[in-house]
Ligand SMILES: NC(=O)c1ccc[n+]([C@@H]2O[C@H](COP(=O)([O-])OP(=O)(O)OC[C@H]3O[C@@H](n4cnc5c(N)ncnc54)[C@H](OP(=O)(O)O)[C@@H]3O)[C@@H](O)[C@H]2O)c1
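Coming up is one lone chain in structure tokens, specifically the form predicted alone.
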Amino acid sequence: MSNPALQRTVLVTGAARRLGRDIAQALARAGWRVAVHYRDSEQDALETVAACTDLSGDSDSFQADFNDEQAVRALISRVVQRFGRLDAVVNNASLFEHDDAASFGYQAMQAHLLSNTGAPIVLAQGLQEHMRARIEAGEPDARGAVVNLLDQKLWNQNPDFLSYTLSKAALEAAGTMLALALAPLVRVVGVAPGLTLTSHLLSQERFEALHRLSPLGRSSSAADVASAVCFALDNQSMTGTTLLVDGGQHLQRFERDFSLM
């Protein structure tokens, strides 16, 4: 870029590995400078930074534990100090641990709410404060955007992963309220993937079979989700809504979570 000070900067949480890395690289490919957040996976984060730097010319990593409110509140200012500006936040980091009605307890619910709901709200607050500061500094058109990664489970509920689902439902509701509260300085958009990546809970063969269970014959790929995030950040008229990127899986009824089917 001829003028790095004008290059858009995005913070992607949980960007060290898996879907977060794909989103970070897609944004770098689109010209964004990427702040790569991680909690424990430092080496993976450094690999993501290297890949993004090759694509956009600049990237850096930022460690923060989302159970620590002060660490979350400091994250925006750390990114701004490093890059000089921040234009968007992609809330991808997510705690995903199993519980159900029989095993539910306060501790599990609190852990999911802190990471999956509280941290994204705090980061959205911080982005709005940064936009106000830029306006006061003589940039009247400063505007930002937040993309919250949700889950098609919210539109196709089952009894598995109770605390996780509650935290994502709270984040979806918060997206509506924040879209109203933070306008016009910050837009808030949700992106809800379907079954996208396999895990230790699924064999590759089983994952591929479940991935085909949708009206379109395929669920979302990491590239599909990253493309939706890029679109949400670029479309200046979108706020307070959610893009479901799941091949139509939310239109079908599943009695269990994919990982337990």
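The model shown is predicted, which means the values in this text are computed figures rather than measured ones. Numbers for residues come from their place in the sequence shown, where the first is 1.
Another form exists, predicted in complex with this ligand; not displayed. Remarks below refer to it.
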Q | Residue (of V80, L95, L178, M131) lying close to this ligand in the predicted bound form, criterion heavy atoms within 4.5 Å | A | L95
Q. Considering L149, L123, L86, V188, which brings a non-hydrogen atom within 4.5 Å of this ligand in the predicted bound form?
A. L149
Q. In the predicted bound form, does each residue in the set W155, R218 and F254 place a non-hydrogen atom within 4.5 angstroms of this ligand?
A. no
Q. Does S227 make contact with this ligand in the predicted bound form, using a 4.5 Å heavy atom cut-off?
A. no
Q.
Residue-level contact is defined here as any heavy atom of the residue lying within 4.5 Å of this ligand in the predicted bound form; does H37 satisfy this criterion?
A. yes
Q. With the cut-off set at 4.5 Å between non-hydrogen atoms, does S115 touch this ligand in the predicted bound form?
A. yes
Q: Verify the contact flag for N235: yes if a non-hydrogen atom of it lies within 4.5 Å of a non-hydrogen atom of this ligand in the predicted bound form, no if not.
A: no
**Q.** Interface segment, criterion being heavy atoms within 4.5 Å of this ligand in the predicted bound form, picked from 189 to 197, 28 to 36, 52 to 60, 227 to 235
**A.** 189 to 197
Q) What are the residues of 162 to 180, in order along the chain, with a heavy atom within 4.5 Å of this ligand in the predicted bound form? A) Y164, K168
